[in-house]
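Next comes just one chain, in structure tokens: the form predicted on its own.
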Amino acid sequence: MSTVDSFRLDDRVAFVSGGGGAIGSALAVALGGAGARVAVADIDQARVDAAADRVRAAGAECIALAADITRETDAKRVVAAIVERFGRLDIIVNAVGGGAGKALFDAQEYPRDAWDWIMEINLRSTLVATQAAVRAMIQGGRGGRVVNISSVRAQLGINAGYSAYVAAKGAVSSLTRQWATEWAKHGINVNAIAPTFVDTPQVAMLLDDPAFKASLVSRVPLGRVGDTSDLVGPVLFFASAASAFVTGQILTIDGGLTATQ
């Protein structure tokens, strides 16, 4: 296999949990473009249908599944549907998450309901979707790839009411290393990307504040916030044979932000 071909995903089946979101849909299109057959799942049927249409327009086969991936029953149902349709599952990308901009509270006053919500969408969604997917990978006996989405906030605090979010993403990073250790014997590689702010509708409220955005950009050596396209290359690397000897790693995608800390 040539170096370039090692990044291809021909004959692979990829599941993007949270595939209806800005990040998830961009990654689903990229996975399809690299040759994978793709399944996208999202809680919103209209969003997941639109994402699947984008993947198909790029020339890849794709199915759309409406599901609440924080629920074990939904995660199991989605994985069963993927295996029934495609006969296998090789890759899961966990793109459910976010919400921090809608749940900002002082640490000493952080309310339980907001805490639980952030944990559900960022941590539990990763847990239950991956468990269901990995069971299918183990049964298939061909190994697999798990790609989680953590955050620079897993290692850096921010004076903006992020207690639940940093706790959830810190747990995602820790689980990435733990799962890599446990599932290596099954030929399953587990890695994560850890972006800084990515310009999506989820963080529009924060980035629309000129003072906040200017302060953020001033601390990023490359002088801008991230874009969904910045995540594509790293995820394709972790999803493909190019990363065959890489597992348990968290790749920071932050324009150099953490290098300055």
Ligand SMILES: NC(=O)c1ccc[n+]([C@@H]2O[C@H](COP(=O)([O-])OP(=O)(O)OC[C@H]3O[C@@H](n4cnc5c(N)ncnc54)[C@H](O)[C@@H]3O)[C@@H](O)[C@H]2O)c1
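Numbers follow the displayed sequence, beginning with 1. A quick note: this is a predicted structure, and the numbers were derived from the prediction, not measured.
Below: the form predicted in complex with the named molecule, not depicted.
For the named molecule in the model of the complex, the listed stretch (136-144, 178-186, 121-129, 83-91) containing residues with heavy atoms inside 4.5 Å is 121-129.
Residue 49 falls outside the set of residues with a heavy atom inside 4.5 Å of the named molecule in the model of the complex. Within 4.5 Å of some heavy atom of the named molecule in the model of the complex lies at least one heavy atom of residue 23.
In the model of the complex, at least one heavy atom of residue 43 sits within 4.5 Å of the named molecule. In the model of the complex, the named molecule sits within 4.5 Å of a heavy atom belonging to residue 195. Note on the partner interface in the model of the complex: the residue among 209, 61, 53, 68 having a heavy atom within 4.5 angstroms of the named molecule is 68.
Taken together, the three residues 15, 32 and 37 lack any non-hydrogen atom within 4.5 angstroms of the named molecule in the model of the complex. Along 80-116, residues 95, 96, 97, 98 each place a heavy atom within 4.5 Å of the named molecule in the model of the complex.
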